[in-house]
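We begin with a single chain expressed as structure tokens, specifically the form predicted alone.
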């Protein structure tokens, strides 16, 4: 299983003029590769806070730092990568079963998250060792 097949950087079209910039994001597989069922955002975190720290069995995500910046460490049990979210026109798509840690938030960071599913706590894996065990049972030691 390759991490590159489970994550993708999305560059949204930025429009603007003398009045400022405008980024349009459309669902239903136009810009976002799923129907959006839930939206939330994280703000007020500082550089010492780590958010996320889980994987999801059914939910796909797109993360967008609409203000400020943060980093996301993604892990599929075999590979790890760190992505800097530092442009409001940049999205990070995360497929199911990708472990995610969001951290290093700038003081002005607002991280917008678009989700493919409504919240269901039972589909979250919050223990990393349990996550690795589940991944290895499904995919072996690829």
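Numbering follows the first chain given and starts at 1. Values in this document were obtained by computation on a predicted structure and should not be read as measured data.
Only in words, not in the display: the form predicted in complex with ligand TYD, which the text now covers.
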> Using a 4.5 Å cut on heavy atoms, which of 90, 102, 94, 114 is close to ligand TYD in the predicted bound form?
Replying inline: 102
> Which of 36, 42, 83, 66 has a heavy atom within 4.5 Å of ligand TYD in the predicted bound form?
Replying inline: 42
>> Would you classify residue 124 as touching ligand TYD in the predicted bound form, given a 4.5 Å non-hydrogen atom cut-off?
In response: yes
> Quick one: does residue 77 come within 4.5 Å of ligand TYD in the predicted bound form, counting heavy atoms only?
Replying inline: no
> So in the predicted bound form, does any heavy atom of residue 57 sit within 4.5 Å of ligand TYD?
Replying inline: no
>> Taking ligand TYD as it sits in the predicted bound form, is residue 73 in contact with it (heavy atom to heavy atom, 4.5 Å or less)?
In response: no
> What residues of 50-71, in sequence order, lie within 4.5 Å of ligand TYD in the predicted bound form by heavy atom?
Replying inline: 51, 52, 54
